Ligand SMILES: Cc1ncc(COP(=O)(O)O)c(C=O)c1O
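Here's a solo chain for you in structure tokens, the form predicted alone.
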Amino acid sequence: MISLKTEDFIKDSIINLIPYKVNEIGHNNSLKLDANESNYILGKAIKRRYANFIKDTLINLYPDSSSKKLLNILEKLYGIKSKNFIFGNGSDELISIILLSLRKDVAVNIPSPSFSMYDIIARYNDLNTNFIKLDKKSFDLPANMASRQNIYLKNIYFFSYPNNPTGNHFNDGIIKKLLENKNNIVVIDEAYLFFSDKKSFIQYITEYDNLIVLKTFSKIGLAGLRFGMLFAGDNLINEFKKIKLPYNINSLTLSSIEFFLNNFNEFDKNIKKTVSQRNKLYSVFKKIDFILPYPSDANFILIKLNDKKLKNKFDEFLKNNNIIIRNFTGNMGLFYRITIGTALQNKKLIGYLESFH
């Protein structure tokens, strides 16, 4: 058998990369609250209407991402002309398009902690990554961040808004100061904004030509469809269109998004349930003495163990009770991110946590 030396073909940035870890799905008895998905399943009536709607989708033909019906819905929803947005196979593909387009002398700036794919994709595109240390208590950006940057260097900033995994919004004033520097591009990833009362940065697209806004419907119940959107001014969007792969969104996803946007009230009800359950969970978590919960505007809550001596015992407790939540490593080793479940799931979780000693 011929033994291939991968290092002779594959670049170092790939070989040295630690891949993104996807937790196991878990079995039927698992309490799976790790991936920030919606835990609400659509009712039978809307499922029947959905099946009837997509049954005539032409899967023998290449998908038509220029569907006028879908584009018109999205234009009305976001108040942005269709020429200023593109679709992606989830936000991950759109992040990849942004970073693939950059010159090597552009520095990629990412808050720490934040969504790890910003860093992973930057690294395999051989870009230099800088981490922005957040305030230890508030998890906000440093107050003097905009004033201390070198205004002559080219920078791109990625801000999850609200931030994953901390659940908070970053200071709008700091972000706007960064946007006022023509040597910066600022990406606002609004994957979790549905669960917040903050306004979208889309309102500033026409004001700042260096602003990019990412959106997705994954967190509200459509994670399996893998559909994301990128909004930007004419100059940036025209460059991204050059490298976006043709037919990157399949026909069934396009039809499904059209259907669900026309029936958005179903998701709106579940969003309200999620926010209500999040607030209840946070109130309960504050009364559990071995954890510190952090306020959240997303569909998850970040908690921290109050005693590092509990780490191994707590991890074993989670494993033995088939509880799957997101844990972290390094200086985030005492932190866990818990996706908001249904009322029944949350009741079970509270029962488990209250039994831990």
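Small disclaimer: the values here were computed from a predicted structure and weren't measured. In case it trips you up, residue 1 is the first one in the sequence shown, and so on.
Quick note: we don't show the form predicted in complex with the ligand, though the next part is all about it.
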Original post:
Is there a heavy atom of Ala232 lying 4.5 Å or less from a heavy atom of the ligand in the model of the complex?
Top reply: no
**OP:** Please check if Asp92 has a heavy atom lying within 4.5 Å of any heavy atom of the ligand in the model of the complex.
**Re:** yes
**OP:** Verify the contact flag for Arg278: yes if a non-hydrogen atom of it lies within 4.5 Å of a non-hydrogen atom of the ligand in the model of the complex, no if not.
**Re:** no
Original post:
Is there any non-hydrogen atom of Arg226 lying within 4.5 Å of the ligand in the model of the complex?
Top reply: yes
Original post:
Which one, 137-145, 216-224, 173-181, 100-108, holds residues whose non-hydrogen atoms are within 4.5 Å of the ligand in the model of the complex?
Top reply: 216-224
Original post:
Heavy atom within 4.5 Å of the ligand in the model of the complex: which of Phe87, Phe260, Tyr204, Phe115?
Top reply: Phe115
**OP:** State the residue from Ala191, Ala122, Ile185, Ile249 whose non-hydrogen atoms include one within 4.5 Å of the ligand in the model of the complex.
**Re:** Ala191
Original post:
Counting only heavy atoms, which residues in 232-265 are within 4.5 Å of the ligand in the model of the complex?
Top reply: none
